[in-house]
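Take a look at this single chain in structure tokens; it is the form predicted on its own.
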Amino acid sequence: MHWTKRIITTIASCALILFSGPWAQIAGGQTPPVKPGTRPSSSSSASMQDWWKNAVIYEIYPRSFQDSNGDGIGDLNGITDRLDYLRDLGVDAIWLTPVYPSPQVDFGYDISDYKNIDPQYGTLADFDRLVAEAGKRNIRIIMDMVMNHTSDKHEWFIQSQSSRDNPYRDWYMWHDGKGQTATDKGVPPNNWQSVFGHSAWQWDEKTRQYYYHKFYIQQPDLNWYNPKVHQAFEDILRFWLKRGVGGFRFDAITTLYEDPGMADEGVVMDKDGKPKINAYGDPQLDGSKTDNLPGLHPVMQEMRATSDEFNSNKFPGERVLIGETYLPNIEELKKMYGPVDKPEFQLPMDTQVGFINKLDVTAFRSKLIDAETHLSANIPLIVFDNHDNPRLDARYGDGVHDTEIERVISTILFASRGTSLFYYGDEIGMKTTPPTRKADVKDPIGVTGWPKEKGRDGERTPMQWNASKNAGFTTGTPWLPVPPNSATINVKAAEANPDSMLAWYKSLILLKKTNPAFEQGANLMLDTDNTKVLSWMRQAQGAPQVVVSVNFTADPQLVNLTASGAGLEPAHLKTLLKSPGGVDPVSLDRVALGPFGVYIGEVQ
């Protein structure tokens, strides 16, 4: 909401893949690109039980991916029509943002029925077909699970709002106001705020109490102190698991619980001792009473146990639980995996790496070391982009070298240890395209916060498939305008260009899945005093070491990868992948990188 392997036998020399120029060479000879209908394999995932450990997960915002019926809104059949593209890209799983019935106040995150499909996206039969067709291509479907709140049009809330003595009343957070009397509603119970601006408490005149909403007014929060809420969601998970989904991404999961004492949250002060003010004109609060409270861990242990019921011969393959986990440090992230005897998420999102939002070598090195050394045997899930944040160009680009910078970011994403999650369109370099007028804003956040907060429309524009009028997304009028740059930034153009971002993504993903050091190897940082180039080594027992260097600057850099104390001696390198126009280094102690250049090589 806030903003989430196949089997191969690797034989030393003949499995060694070299990339250069168009990046497809093997042992000195040209080899054709991956043929349509095939996909990279991975020896580290011979067991379906650990398919997610080196996986590539692709987030789809269904409204914007592919429209199959000309109504201007993307749908499930449109996604099914594009599965071959995703297979050839190397995707292992698709995370769908919500496709349940919804009034669409928050474009699906306000759910009115958890056991059906919204008609604008299709039917349950269409969903079952998507799961089946994806399965034929070894792609799993991951559902978005929203447990913090429902729509105010959900039957549970309609019942809850009907009277104070309704059996569903305590399924939600109802409370009297401060100073409330028989004739005066008083003021909200405390200072808690909605993420989307202003008080998180909404007065209900009929039953004369306030209800709590962490997000929109139309998204009342569920009361997780009520055991019946737990039971209801266990049942919902089972409904979709029986339909063959590969798992769930849990939205806004750290906001599940609130302080039962209803205490005010602290106000964040600036350096002058004055309250910081957010984009909506409200004092910034510290989140101490409404975010990351301990109660969420037992809940996720319950949900994991429910999911694990389906890891059997009848339902082969491990179901994976992904968490939307914006957390302050690596210690809090580690908690999200749960103890060994009571596991929680397999893959809580490590947003501390991907949302640094500036090209700072020291910060990236520190966060990647954290992910490598402070998560025990757990697998990191690295993510840089999603439907709630401006795209990579807006957060990392400089307006001149955006493509090169996106190569740097994607290299960190795919060449680091763990699972990789990326957002539709990243693979072709889609740009953030926000509205220029308030009248054009679709996202209510933008309506409330304009002009300081323009909303999230800019990162949700339709997928750019070709250079046609609507970029191949729809034959109708698209729900959001197609950016003008679709004439040049699109899949068809990228497929014809061996130096395109799409070709780079395919090469990185292929390397991730076929090189033993990338499949199984640990990360070890190199040249650790360097503040301009980030370098690391991937090493796995019995496999050649692989080094990676990425230049964070617009100036050429010369790197000595033997200077870090990692035990590397000057040695020859065999190039696996490099930026277009890059040079092959003679030795580890002299690796030359162009502006925002990338080099990946195997130590000889």
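Being a predicted model, the structure only gives us computed values, none of them experimental. Start at 1 with the first residue shown and count on from there.
Below, we refer to the form predicted in complex with a small molecule, which is not included among the displayed structures.
Student: Is residue 203 near the small molecule? Define near as a heavy atom within 4.5 Å, in the model of the complex.
Tutor: Residue-level check for residue 203: no, no contact with the small molecule.
Student: So in the model of the complex, does residue 388 come within 4.5 Å of the small molecule, heavy atom to heavy atom?
Tutor: Yes, residue 388 lies within 4.5 Å of the small molecule in the model of the complex.
Student: Closest heavy atom of residue 337 to the small molecule in the model of the complex, within 4.5 Å or not?
Tutor: Close contact is absent here: in the model of the complex, residue 337 is far from the small molecule, nothing within 4.5 Å, heavy atoms only.
Student: Decide whether residue 324 counts as a contact residue for the small molecule in the model of the complex under a heavy atom distance cut-off of 4.5 Å.
Tutor: Yes - in the model of the complex, heavy atoms of residue 324 and the small molecule come within 4.5 Å of each other.
Student: Select, from the options 171-179, 204-212, 104-112, 371-379, the stretch whose residues sit within 4.5 angstroms of the small molecule in the model of the complex by heavy atom distance.
Tutor: Only one stretch passes the 4.5 Å heavy-atom test: 104-112.
Student: Out of 344, 519, 251, 291, which one falls within 4.5 Å of the small molecule in the model of the complex, going by heavy atoms?
Tutor: Selected option: 251.
Student: Pick from 460, 154, 407, 506: which residue has any heavy atom within 4.5 angstroms of the small molecule in the model of the complex?
Tutor: Contact with the small molecule in the model of the complex is made by 460 alone.
Student: Can all three of 196, 219 and 456 be found with a heavy atom no more than 4.5 Å from the small molecule in the model of the complex?
Tutor: Yes, the whole trio is in contact, each within 4.5 Å by some heavy atom.
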